[in-house]
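Below you'll find only one chain, the form predicted alone, shown as structure tokens.
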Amino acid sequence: MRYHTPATFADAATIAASAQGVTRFLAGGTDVLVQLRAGSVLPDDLIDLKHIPEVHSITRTADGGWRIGVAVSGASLGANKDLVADWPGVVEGMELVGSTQVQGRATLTGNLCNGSPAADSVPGLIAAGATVTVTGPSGTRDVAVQDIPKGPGKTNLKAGEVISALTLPARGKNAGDAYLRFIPRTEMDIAVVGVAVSLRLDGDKVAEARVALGAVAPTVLLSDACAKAIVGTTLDAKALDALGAAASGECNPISDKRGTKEFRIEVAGVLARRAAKIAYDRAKGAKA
């Protein structure tokens, strides 16, 4: 195995583009190192991104959004009070990944690139309208987070490309988000269903909404039907029922040892209603 420590993302992309065989990037390492120890992945080239200066930073963008480095841990996200105030749903999704020890290393970008439809941080990012900057042999491009996953364990990144930053948009006023999941155990488990809701209010009415559903399809789903169910409403009982029905209707899950297809469909509707209510209350000023 060849171990690389590039000083820039351009260098990392150049190394990846010229590499032969299996290539892996190392940021937090909570997926790659487990795979290495298990022997399920044996990279020919391991490209360590932690030596690139900007990977550990959380900064405000010019328009009031957030730029998050690819090696920023879940623990660091939760410690940033301003980020938590803007995007509590994004942070709480990431804080559900693994144990306290794992939180010290696990990253949003790594969770995204692992390609799991049950990844806890991804629905919140998609509901937020987050984007990633992708660096490759031909330069950089910005991509919506929902366009990165391709299927279980797969992404749409091209050969030689690496995610070099993640950007959350400006939160704006009268807005809130939330993420909820169902797991068989009380903690440290994989989501059977996960739902994230982000919305903005005009008075008491929902003016904008984005709803993302996790673990109910090969990739996390951004549901237009769910958004349409609540936009223009005061999120009353009728709107919540319509949201629940839309969420269940969007699902195309599998049955496995953690839950049947029918169970996942039902739970998606329940969690969508609950997450929307939390997001609505936060938009009205309730503390996260």
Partner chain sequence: MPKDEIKQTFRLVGTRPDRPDGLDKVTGRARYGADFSAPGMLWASVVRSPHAHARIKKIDASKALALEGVKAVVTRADFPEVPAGEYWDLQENTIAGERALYDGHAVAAVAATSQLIAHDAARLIEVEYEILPHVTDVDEAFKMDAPVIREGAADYSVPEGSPPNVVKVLDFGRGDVEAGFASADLVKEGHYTTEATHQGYIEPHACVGQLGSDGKGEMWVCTQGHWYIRRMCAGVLGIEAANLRVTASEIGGGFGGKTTIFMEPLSLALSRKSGGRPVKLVMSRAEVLRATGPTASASMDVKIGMTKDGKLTAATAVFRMQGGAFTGSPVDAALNCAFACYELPAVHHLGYDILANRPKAAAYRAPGAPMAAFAVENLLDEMWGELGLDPLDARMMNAAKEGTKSSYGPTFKRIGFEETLEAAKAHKNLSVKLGPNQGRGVAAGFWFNYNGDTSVSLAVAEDGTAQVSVGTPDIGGSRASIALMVAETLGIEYEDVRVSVVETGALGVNEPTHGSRATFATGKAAVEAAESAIKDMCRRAAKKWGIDEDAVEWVDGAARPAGPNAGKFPPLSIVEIAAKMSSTGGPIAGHYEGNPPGVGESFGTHVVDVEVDPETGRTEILRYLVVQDAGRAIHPSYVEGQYQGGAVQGIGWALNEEYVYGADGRLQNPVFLDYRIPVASDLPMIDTVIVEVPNPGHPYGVRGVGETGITPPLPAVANAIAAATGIRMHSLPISPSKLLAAMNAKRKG
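Residue numbers count along the first chain shown, from 1. Quick caveat: nothing in here was measured; it's all calculated off a predicted structure.
As for the form predicted in complex with the partner chain, it is not shown, yet the points below apply to it.
Exercise. Looking at Lys81, Arg185, Lys158, Arg141, which is the one with a non-hydrogen atom within 4.5 Å of the partner chain in the model of the complex?
Worked result: Only one option qualifies, and that one is Arg185.
For this session: Have a look at Gly69, Gly259, Pro253, Gly244 for me and say which one sits with a heavy atom within 4.5 Å of the partner chain in the model of the complex.
Result: Of Gly69, Gly259, Pro253, Gly244, the residue with a heavy atom within 4.5 Å of the partner chain in the model of the complex is Gly259.
For this session: Please name which of the stretches 22-30, 52-60, 259-267, 224-232 has residues with heavy atoms lying within 4.5 Å of the partner chain in the model of the complex.
Result: In the other structure, the partner sits against 259-267.
Problem set entry | Contact flag, Leu42 vs the partner chain in the model of the complex, heavy atom cut 4.5 Å | It does: once the partner chain is placed as it appears in the model of the complex, Leu42 has a heavy atom within 4.5 Å of it.
Exercise. Might Leu166 be said to contact the partner chain in the model of the complex, defining contact as any heavy atom within 4.5 Å?
Worked result: Answer no; every heavy atom of Leu166 is more than 4.5 Å from the partner chain in the model of the complex.
For this session: Look up in the model of the complex whether Leu96 has a non-hydrogen atom within 4.5 angstroms of the partner chain, and give yes or no.
Result: No, Leu96 is distant from the partner.
Exercise. Can any non-hydrogen atom of Asp147 be found within 4.5 angstroms of the partner chain in the model of the complex?
Worked result: Output for Asp147 is no: heavy atoms all beyond 4.5 Å of the partner chain.
Problem set entry | Non-hydrogen atom within 4.5 angstroms of the partner chain in the model of the complex for each of Ala130, Lys205 and Glu208 | Judged in the model of the complex, none of Ala130, Lys205 and Glu208 sits within 4.5 Å of the partner chain.
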